[in-house]
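Just the one chain here, the form predicted alone, laid out as structure tokens.
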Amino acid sequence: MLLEFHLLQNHAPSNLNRDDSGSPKDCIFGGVRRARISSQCLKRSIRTSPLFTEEIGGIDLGLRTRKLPHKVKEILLARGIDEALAEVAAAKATGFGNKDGKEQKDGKTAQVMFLSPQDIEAVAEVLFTKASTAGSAEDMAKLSAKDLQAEAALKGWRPITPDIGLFGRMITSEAFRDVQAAVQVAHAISTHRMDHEFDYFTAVDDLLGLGEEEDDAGAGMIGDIEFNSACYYKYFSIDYDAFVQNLAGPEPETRASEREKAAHREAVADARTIAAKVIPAFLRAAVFTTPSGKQNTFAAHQLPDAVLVEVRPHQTPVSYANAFVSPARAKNDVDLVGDSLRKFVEHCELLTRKFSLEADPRLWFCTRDIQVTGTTGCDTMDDLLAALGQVLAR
């Protein structure tokens, strides 16, 4: 089963996702320049959203960090390892995450790793055992991080968190299992041609007038910020079966015992229960969460005008980005959002008919009086999320 989410969202002036020069990200699509928000930015805004955490209620999430040694040291100290020995043991964790086990001088791992609480506990357990055996910081320092990383306790399957199951991870270490992402996220692009604009600003000294006359002339500082205003098409595709498999773990071999097979069936059932909670939470966070870039300056917190959910029986993902290969534009009495909606609906209906695209159900929410043919209209976002929840519960 494939779950596809399509959103149309118009933003007021903003700089939600900027490049290395501070400019809002953009791209060429359909021969014209478009505003763009990277998939990495969208995924992080959803993953770290307080709303997402609140909606999944008590289910652990992962940490994407280089500070594994810091977390390990906390655990070692809590288990009674003295400060000096814990410091040396935690330093060994800086060698995790790279195949050569090379320890890092800055006290962090060489790469950012997406870790579950069980991953961190497993590393801490190995280092706790070695530290307890070594007995002194000097003897602990002689151990190789590469050998520690290869400890049998770190190999094999460990439970992962839903965010790792959704977004996946790749770590160059045998200590942590790679996870293939179950969700694909497109870069959001504007439905229309985009032009960058600049906000020239000044900061005025509140104590202006207290100094010498020549010192008080002009602004305390000046600067400029680049921004744009854009209506974005956003597209997410979730492979439900891959997500459940990621959470449940690998299937047992045919020669596995009945007990092992029964345990896996139970893990799959538990994974489906988690998925039924996490996927609606993901969509709610995608709808209500906006990237944080320059929001203190622009506060561009606009909600989507349309959300389409398609539940496909086959692995045939379909993006409707080509609805906007000819840019939308405001004209006569039709505004930009209205023209974007018209293009989206026409393109969606065309592809569905021409390619006999299957989806059941197809759920449609819109703030305006327009609907995609063959969809079930939902009056509110709560109605749509409830209908999605029913699909996942069946």
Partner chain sequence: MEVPGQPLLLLRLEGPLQSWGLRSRWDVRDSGDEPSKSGVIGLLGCALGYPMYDRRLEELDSELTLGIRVECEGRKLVDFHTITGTIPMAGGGVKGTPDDPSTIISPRSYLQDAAFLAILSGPAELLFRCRSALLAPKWPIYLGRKSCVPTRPVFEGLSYEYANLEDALRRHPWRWEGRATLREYPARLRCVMEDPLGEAVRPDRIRTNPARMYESRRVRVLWADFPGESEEGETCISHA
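In this text, the rigid core denotes the largest set of C-alpha atoms whose superposition between the two forms falls within 1.5 Å. Positions refer to the first chain, counted from 1. Computed from a predicted structure; not experimentally measured.
The same protein also has a form predicted in complex with the partner chain, omitted here; what follows describes it.
316 is the sole member of 202, 292, 316, 297 with a non-hydrogen atom lying within 4.5 angstroms of the partner chain in the predicted bound form. The partner is absent here, but in the predicted bound form a heavy atom of 235, alone among 176, 232, 235, 114, sits within 4.5 Å of the partner chain. Stretch 320-328 is the answer when you ask which of 277-285, 320-328, 220-228, 122-130 has residues with heavy atoms within 4.5 Å of the partner chain in the predicted bound form. Among heavy atoms of residue 335, none comes within 4.5 Å of the partner chain in the predicted bound form. In the predicted bound form, residue 367 stays away from the partner chain, with no heavy atom inside 4.5 Å.
Contact check for residue 239: a non-hydrogen atom falls within 4.5 Å of the partner chain in the predicted bound form.
At a distance threshold of 4.5 angstroms between non-hydrogen atoms, residue 302 is out of contact with the partner chain in the predicted bound form. Contact annotation for 25-45: residues with any non-hydrogen atom within 4.5 angstroms of the partner chain in the predicted bound form are 25, 26, 27, 28, 29, 30, 31, 36, 38, 39, 40, listed in sequence order. Superposition on the rigid core between this form and the one not shown places the CA atom of residue 342 less than 2 Å from its counterpart. Once the cores line up, the CA of residue 70 ends up 2 angstroms or more apart between this form and the one not shown. Once both forms are fitted on their core, a CA shift of 2 Å or more is seen for residue 251 between this form and the one not shown.
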